[in-house]
Structures are given as C-alpha cells and as structure tokens.
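Heads up, the chain below is alone and in the form predicted alone; it's given as structure tokens.
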C-alpha cells in the first residue's frame, strides 16, 4: 500500500512506514485520519490522546473502525480456530485473538474519550453498510483480506488453506448456501475537533 501511495505524494503529502500506536507529528497538524487501522492496536484512549497532542488548535481527529466482531464471519472463524486440528497447529500461544473484539470500543466510549480530550465538537455513530455479495465464496474472499489475515500469519500455508476450506463449508451451512448473500458490515465512525 505504501508503494502505491507514493504516486500521491506532493509537497504537502508524504507517506511513512511506522507504528500508528506510537506516532507523533514533528510539527502540529490539522487532521489525523485513521481508516480501518486503529482496530489493530490496543488502548484506543491512550492512542487517541497521543494523536491529540499532535493537533494544532482547531485540529481534527477522524477515525473509522470495524464493529463486526459479532458477525458470523468472525464468530465462525474463532470457533473453528479453537477446534482440532487447528488449535494444536497454533502451538502454545493458541489461536490469534480477534483485534476487533479485543480493541474496538462502543460508540459511547469513543464519545467520552473525545470529550475528555477537549474536543469542542464531535460526531460518533455506528453505520451498517448493507452489502450483497454474489455467494459465500465472495464472502470468504472479502474476509481473507480482513479477519482471516490473523490466521494466515499464524498457520503454515497448507494448514491455512485447509482452515479456509473448513471455514467456507461452515459459512455455507450458516448462510444455507443462498445467493446472493446479504452481508451487513458494521463500522463506527467518529470525528472530533479541538477548539481554535
């Protein structure tokens, strides 16, 4: 993604590889924007407080995180990972946790954080994006780039492909192999602005 992003660099826009949980601006900025990234790190209150310190007066925080840990795609993956033969394949550390379940807060908690950070104006809401995907295979293709990445990193390639096959069969049973598949995707979007 960083390689592709370089095409958009200018005198006002640059891209750097780094850890978003420890990032601090060297000079005050007007906007900190995080889209589908904050869920990967814990302690959102601390991270947002750190980002706020990088804002100029009147600066803004704008964040979007998934809020779909309750979705069948996530629940079924976690259940399967906690069964054999996969449970043993993860070794002593066990299956990787779902970062959305572990790290993402409720919308009202983000509102409180923004208030505590001194945001004079804020918007926080839960939005459900109603997707219709062609079939269960399209659902699996979607989550291979999201929640299944944690299993791809933790399993040998052959074991991961077997995991995906078993996961696909369970999703087919869940969705009764209906096509198209209604795939609602919940996200929390929040924005706060500091006083000038």
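On a predicted model such as this, the values are computed, not experimentally measured, just so you know. Positions refer to the first chain, counted from 1.
Absent from the display: the form predicted in complex with a small molecule. The rest refers to it.
Asks: In the predicted complex, which of the listed residues (169, 128, 36, 46) lies with a heavy atom within 4.5 Å of the small molecule?
Replies: Contact residue from the list: 36.
Asks: Work out which of 152, 133, 41, 29 lies within 4.5 Å of the small molecule in the predicted complex, going by heavy atoms.
Replies: Contact residue from the list: 41.
Asks: Evaluate residue 19 for contact with the small molecule in the predicted complex, applying a 4.5 angstroms cut-off between non-hydrogen atoms, and reply yes or no.
Replies: Yes - in the predicted complex, heavy atoms of residue 19 and the small molecule come within 4.5 Å of each other.
Asks: Any of the heavy atoms of residue 1 lying within 4.5 Å of the small molecule in the predicted complex?
Replies: Heavy-atom contact with the small molecule at 4.5 Å: present for residue 1.
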